[in-house]
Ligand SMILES: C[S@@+](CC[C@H](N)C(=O)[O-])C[C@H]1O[C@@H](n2cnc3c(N)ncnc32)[C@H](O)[C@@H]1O
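One chain follows as structure tokens, the form predicted alone.
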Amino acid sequence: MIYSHEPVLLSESLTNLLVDKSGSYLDCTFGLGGHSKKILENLSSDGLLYSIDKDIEVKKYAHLIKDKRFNFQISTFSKISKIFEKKSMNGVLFDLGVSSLQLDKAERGFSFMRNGTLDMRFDNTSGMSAKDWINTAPEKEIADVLYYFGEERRSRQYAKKIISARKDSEIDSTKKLSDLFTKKGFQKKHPATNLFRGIRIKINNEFEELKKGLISSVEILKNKGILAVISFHSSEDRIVKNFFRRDYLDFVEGIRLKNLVKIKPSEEEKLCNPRSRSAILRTGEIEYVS
């Protein structure tokens, strides 16, 4: 099966990120390579692009890029300051969205629209799957995850329903889980939307990885380098926004972010690519201070 993924806020990302076309850049979420390929197209012959992703299935797509300026490796956000030297990058990009490779492949278990094993791990070779967690976690933990990560106001009600259902039989598929919460006519979105997002964030430790990745990224950026982050929901964007606005001496001594920019998709992009509707691009310029 051939997967396609339309990068969100592509031209806006490149315009703000590529301050030096002969510089070095890091794409922290390779996915299907949408942003990486366009970055390479816009770099000079002296430019360099490094890309990482924690999803091991991505490797085969990265290896299709035959360009001496490009280097890919499997890694997580939290490890980038250990992989790359300090002050080595002119720009770092995070695209926090789930890729089509993950959403459209039923056996990955990311989407309630496709029946498959309830997995949800970006790296499905390690860690606890969503199936294992949903069938063993205490009711309060499930409610907290749905509330804080999924931003679900009915989290306690949903948690009770999950606990009751798993007493009868194991919840082992996306369909079994989503069928517990049927959509009613007056609802704008399926009740499982927040549910699946909250569980995915929990399983992959996404918020902690994001926080560590942001801190690590400013360590590897050169003076006047650009940090660019595309987020897709409010709880995710809140982490990014608060990080951009804080005093960076709290995190990394002698480093600040200035010239902060916030960009949302155009109406045209929203129509052409519905997945872009909730996207927000935030960028900031690194400044080293004494």
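Residues carry their position along the shown sequence, with the first being 1. Every value quoted in this text rests on a predicted model; they were computed, and no experiment measured them.
Below: the form predicted together with the named molecule, not depicted.
Quiz item: Should residue 43 be counted as a contact of the named molecule in the predicted complex, where contact means heavy atoms within 4.5 Å?
Solution: No - in the predicted complex, heavy atoms of residue 43 and the named molecule never come within 4.5 Å of each other.
Quiz item: Hey, in the predicted complex, is residue 97 touching the named molecule, heavy atoms inside 4.5 Å?
Solution: Taking the distances in the predicted complex, the answer for residue 97 is yes, it comes within 4.5 Å of the named molecule.
Quiz item: Can you check whether residue 112 is within 4.5 Å of the named molecule in the predicted complex, heavy atom basis?
Solution: No, residue 112 stays farther than 4.5 Å from the named molecule in the predicted complex.
Quiz item: Given that the partner is absent here, does residue 29 sit within 4.5 Å of the named molecule in the predicted complex, heavy atoms only?
Solution: Yes, contact at 4.5 Å.
Practice problem: Report yes if all three of 70, 225 and 285 come within 4.5 Å of the named molecule in the predicted complex by some heavy atom, otherwise no. | Solution: Zero of three within 4.5 Å in the predicted complex.
Self-check item: in the predicted complex, the one of 193, 75, 173, 88 near the named molecule [non-hydrogen atom within 4.5 angstroms]
Solution: The option sitting close enough to the partner is 75.
Quiz prompt | Contacting member of 241, 256, 54, 264, with respect to the named molecule in the predicted complex [4.5 Å, heavy atom] | solution = None of the other options qualify; the answer is 54.
Quiz item: Heavy atoms within 4.5 Å of the named molecule in the predicted complex: which stretch among 31-39, 217-225, 256-264, 60-68?
Solution: Going by heavy atoms within 4.5 Å, the stretch is 31-39.
Quiz prompt | Contacts with the named molecule in the predicted complex, stretch 105-140 (heavy atom within 4.5 Å) | solution = Sequence-ordered list has one entry, 122.
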